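Read the single chain below, which is given as structure tokens and is the form predicted alone.
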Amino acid sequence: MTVPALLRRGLLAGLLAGLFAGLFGLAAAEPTIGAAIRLEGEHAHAHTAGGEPAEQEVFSRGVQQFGLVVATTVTGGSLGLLFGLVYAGVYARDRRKRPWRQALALAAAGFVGVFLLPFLKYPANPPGVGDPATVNQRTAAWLMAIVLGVLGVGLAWWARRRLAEQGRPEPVQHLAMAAIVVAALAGIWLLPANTDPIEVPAHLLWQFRLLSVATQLVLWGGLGAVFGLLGERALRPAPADGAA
């Protein structure tokens, strides 16, 4: 399997997974997002000085909903390309393992490193939450959390392979992986906290965060599943000439 072929497989898997995640987010999370936007509008109206009209939306909700699906699909495609590249570097030399299992394992690692570990420190917030003046600071801290999460998961993966090559038992391998991931989480926890006020009801906040986790599960799970299925399909022997 060549690298360009793996990249094409990753792109297709990522686009489909992104589309699935976008449609899921539109169906499941849209009511929560709409409620948060209405609260944001009411809050802005209450704080409008001198009875001036509130700022009008640049895009309608319909356009925003369509843009959500498009953005998620494009993001999934980009993620799929990176997924295919990492798959090529980590697994292409080991032809003994099945693509299905390899892809699911890599997708699980990506979910933990790219999303879950940073999420534990900086959970997702509904639209309108956060001071615009601190957006650069919050973005930099979030990106640093992703870097630490990816490094932690990558190091844990490498350590497991090394211990397996040395013939160490699986409990030792798994405990070493867990220790490295916990160390990465501790490093993420040392990053600056988000001190911006959250002015939405608690139930709405947690519902939004749970749906964010579910959407990411759809994205990463779909990416691993479609990539693995395409890999299994590629391994099927070609039909012999003249076969019925």
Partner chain sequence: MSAHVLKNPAVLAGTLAVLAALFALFATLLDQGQLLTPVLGKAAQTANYLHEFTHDGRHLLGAPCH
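Positions refer to the first chain, counted from 1. All values derive from a computational prediction rather than experimental measurement.
Omitted from view is the form predicted together with its partner chain, to which the following refers.
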- [ ] Could you tell me which one of Ala109, Leu155, Leu81, Leu116 places a heavy atom within 4.5 Å of its partner chain in the predicted complex?
- [x] Leu81
Task: Answer option from Gly228, Gly10, Gly222, Gly25, heavy atom within 4.5 Å of its partner chain in the predicted complex - done: Gly25
Task: Partner-proximal stretch of 162-170, 120-128, 147-155, 96-104 relative to its partner chain in the predicted complex, 4.5 angstroms, heavy atom - done: 120-128
Open item on the list: in the predicted complex, is there a heavy atom of its partner chain that lies within 4.5 Å of any heavy atom of Tyr91, even though the partner is absent here?
Closed with: no
Task: is_contact(Gly67, its partner chain) in the predicted complex, heavy atom dist at most 4.5 Å - done: yes
- [ ] Look up in the predicted complex whether Val63 has a non-hydrogen atom within 4.5 angstroms of its partner chain, and give yes or no.
- [x] yes
Task: Non-hydrogen atom contact Glu199 with its partner chain in the predicted complex at 4.5 angstroms - done: no
Open item on the list: Pick out the residues of 125-151 whose heavy atoms come within 4.5 Å of its partner chain in the predicted complex.
Closed with: Asn125, Pro126, Pro127, Val129, Gly130, Pro132, Val135, Arg138, Thr139, Trp142, Leu143
